[in-house]
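Only one chain comes next, encoded as structure tokens, the form predicted on its own.
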Amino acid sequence: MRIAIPANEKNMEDLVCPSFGRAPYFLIYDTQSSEGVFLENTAASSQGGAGIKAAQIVVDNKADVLITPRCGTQAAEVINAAGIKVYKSQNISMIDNIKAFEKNELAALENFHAGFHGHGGN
């Protein structure tokens, strides 16, 4: 299983980035190999539509799960169309969120915001 998480730093001990679309990086963690790679979020500097573009990066990297504190409705549509499950991150490190997910301790993210449309992160 492949898990995607928005990241501020290339360090799994760091907290989950509070922004999905404008996160500097995404951690793609493979639960079978217990290895993670950090990808640059090329959508972060977009004038608009960062959430949708970031969602496409997650889809293109074949994630099965997204762990994030929040997500815009348009990005969620892209994620959901790909069959990716979305879970709400806890205020703990990325690796601890992965462990919490593996223990079924994360709740599904069900409330999506309208997005910020060029006015900050989404």
Partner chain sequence: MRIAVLSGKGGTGKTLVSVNLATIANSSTYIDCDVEEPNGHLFFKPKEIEKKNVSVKIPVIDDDKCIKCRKCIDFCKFNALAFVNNKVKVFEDICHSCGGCQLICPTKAITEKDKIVGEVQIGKFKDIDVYTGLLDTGKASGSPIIKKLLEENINNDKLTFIDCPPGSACIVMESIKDADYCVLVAEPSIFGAHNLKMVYELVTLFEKPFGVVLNKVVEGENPSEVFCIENNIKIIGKIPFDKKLGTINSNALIVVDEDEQYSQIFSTLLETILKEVEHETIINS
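Positions refer to the first chain, counted from 1. In this text, all values refer to a predicted model and were calculated from it rather than measured experimentally.
From this point on, the text means the form predicted in complex with its partner chain, which you will not see here.
A heavy atom within 4.5 Å of its partner chain in the predicted complex is found for one listed residue only; from 27, 50, 66, 71, this is 50. Using a 4.5 angstroms threshold between heavy atoms, residue 95 stays clear of its partner chain in the predicted complex. Mapping the unseen interface onto this chain, residue 78 counts among the residues with a heavy atom inside 4.5 Å of its partner chain in the predicted complex. By the criterion of a heavy atom within 4.5 Å, residue 39 is excluded from the residues contacting its partner chain in the predicted complex. Its partner chain in the predicted complex comes within 4.5 Å of no heavy atom belonging to residue 90. Contact annotation for 58-73: residues with any non-hydrogen atom within 4.5 angstroms of its partner chain in the predicted complex are 59, 60, listed in sequence order.
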